[in-house]
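As structure tokens, one chain now follows by itself in the form predicted on its own.
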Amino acid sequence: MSKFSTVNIKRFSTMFKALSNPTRLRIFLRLTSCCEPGTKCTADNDLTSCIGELGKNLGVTASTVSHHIKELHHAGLIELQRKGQKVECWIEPETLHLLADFFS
């Protein structure tokens, strides 16, 4: 019997589908490397470069980066919080633990 329920399989499928896009995978990896999981990347703290750097050197427009961030959020991979025109984004530690557990 598998350790994963049907609900978890659907959740993982959604996550992996989102990460199957190379641009989204790069953005996700940048978030894991620029911010401690659970720490918001905001324009108000020392992690400012994270938000500005997410789309840098990806060869896509800012609106495309925004689309990919929304897709990662809908897949449950990242969290978002809008503050005016700024968007804070971060990865919850539980999300990384869930993915790590999948492969263990």
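The first residue of the shown sequence is 1; numbering continues from there. These numbers were taken from a predicted model, which means no experiment stands behind them. Heads up, when I say rigid core I mean the largest set of C-alphas that superpose within 1.5 Å between the two forms.
Below, we refer to the form predicted in complex with the DNA, which is not included among the displayed structures.
- None of the heavy atoms of E79 is located within 4.5 Å of the DNA in the model of the complex.
- Taking the partner from the other structure, the DNA in the model of the complex has a heavy atom within 4.5 Å of a heavy atom of V60.
- Although the partner is absent here, K86 is a contact residue: one of its heavy atoms lies within 4.5 angstroms of the DNA in the model of the complex.
- The DNA in the model of the complex comes within 4.5 Å of a heavy atom belonging to T23.
- Core-superposed comparison between this form and the one not shown: the Cα of K83 travels 2 Å or more.
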